[in-house]
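Take a look at this single chain, the form predicted on its own, given in structure tokens.
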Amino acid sequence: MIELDNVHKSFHGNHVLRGLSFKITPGELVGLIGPNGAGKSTALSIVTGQLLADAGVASLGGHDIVHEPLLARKSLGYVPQESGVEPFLTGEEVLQFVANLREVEDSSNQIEQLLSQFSLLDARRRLTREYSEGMTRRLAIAAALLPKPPALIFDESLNGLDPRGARLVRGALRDRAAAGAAILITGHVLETMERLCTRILLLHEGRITRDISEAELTECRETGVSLEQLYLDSTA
């Protein structure tokens, strides 16, 4: 559902992505981690169609993001690092706007369920400019989930969440993966990524240096080897 195939990208002669390739299939919840400057944000910008690659192919739901952009984006729910929402709409109005835009059927029930799931029912009629950072983040994630897209991409989307909010989001993402969504998430809190993800991609200097399967993650937990140690070894 989410794929980069031999993608290259340079800025002013600086090679940021060097033949980056990975594929995320339905039901996978994959973490993309790496040091600052490794190319994570560039990779996400390319696969979401915000940035053109110099070479290679990015696709969502089997649709090339360059040649079939509308079909590709219909497959996607996305929350960027700066997940601001319209400040002069209420939380409920933000979700209703997304539902109208994405032509969501039976949107009223789904909006009600998401507001409840993300503990936003009491704030549904408050303007979002009055929301805390964590509430804004939860609302943005709820908006991404609302159309039930088969592909979901979250760029550092657990930032700004308190422990309860982070737990709600982790549960929601696991549920969507279990329902068949392909999910890609970036983050720097390795302990959270290790607990949440079924697979981890280590990105370093524009390339995947290690692809850690769910079985390997389980083995690491059993042997006491942390994701932090794997990360440090792979980016040394």
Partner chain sequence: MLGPLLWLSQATRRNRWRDLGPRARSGVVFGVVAAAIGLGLAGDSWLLASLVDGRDERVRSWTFWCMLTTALIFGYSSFEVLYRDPLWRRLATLPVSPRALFVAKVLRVYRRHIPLVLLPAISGSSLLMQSEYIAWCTAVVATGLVLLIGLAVSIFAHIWAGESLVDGANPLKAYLSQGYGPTEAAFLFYSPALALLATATVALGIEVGFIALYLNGTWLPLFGVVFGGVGLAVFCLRRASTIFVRWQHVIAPKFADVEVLPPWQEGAQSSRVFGQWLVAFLPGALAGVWTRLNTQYRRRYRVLLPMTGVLMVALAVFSGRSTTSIVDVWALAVAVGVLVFIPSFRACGPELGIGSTARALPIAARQNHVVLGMLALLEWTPLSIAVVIGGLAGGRLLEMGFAALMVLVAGAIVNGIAIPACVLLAPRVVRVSFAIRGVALCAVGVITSVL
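Positions refer to the first chain, counted from 1. The model shown is predicted, which means the values in this text are computed figures rather than measured ones.
Below, we turn to the form predicted together with its partner chain, even though it does not appear here.
- Of the candidate stretches 169-177, 207-215, 51-59, 192-200, only 51-59 contains residues with a heavy atom within 4.5 Å of its partner chain in the model of the complex.
- Think of it this way: in the model of the complex, its partner chain has a heavy atom of just one of 226, 21, 14, 25 within 4.5 Å, and the residue is 14.
- Taking a 4.5 Å heavy atom cutoff to its partner chain in the model of the complex, the contact residue among 162, 86, 122, 133 is 86.
- The putative spot formed by 117, 137 and 154 is not touched by its partner chain in the model of the complex; no residue has a non-hydrogen atom within 4.5 angstroms of it.
- In the model of the complex, its partner chain sits within 4.5 Å of a heavy atom of residue 90.
- Although the partner is absent here, residue 109 lies well away from its partner chain in the model of the complex, with no heavy atom inside 4.5 Å.
- Looking at residue 100, you'd find a heavy atom of it within 4.5 angstroms of its partner chain in the model of the complex.
- In the model of the complex, its partner chain lies within 4.5 Å of some heavy atom of residue 76.
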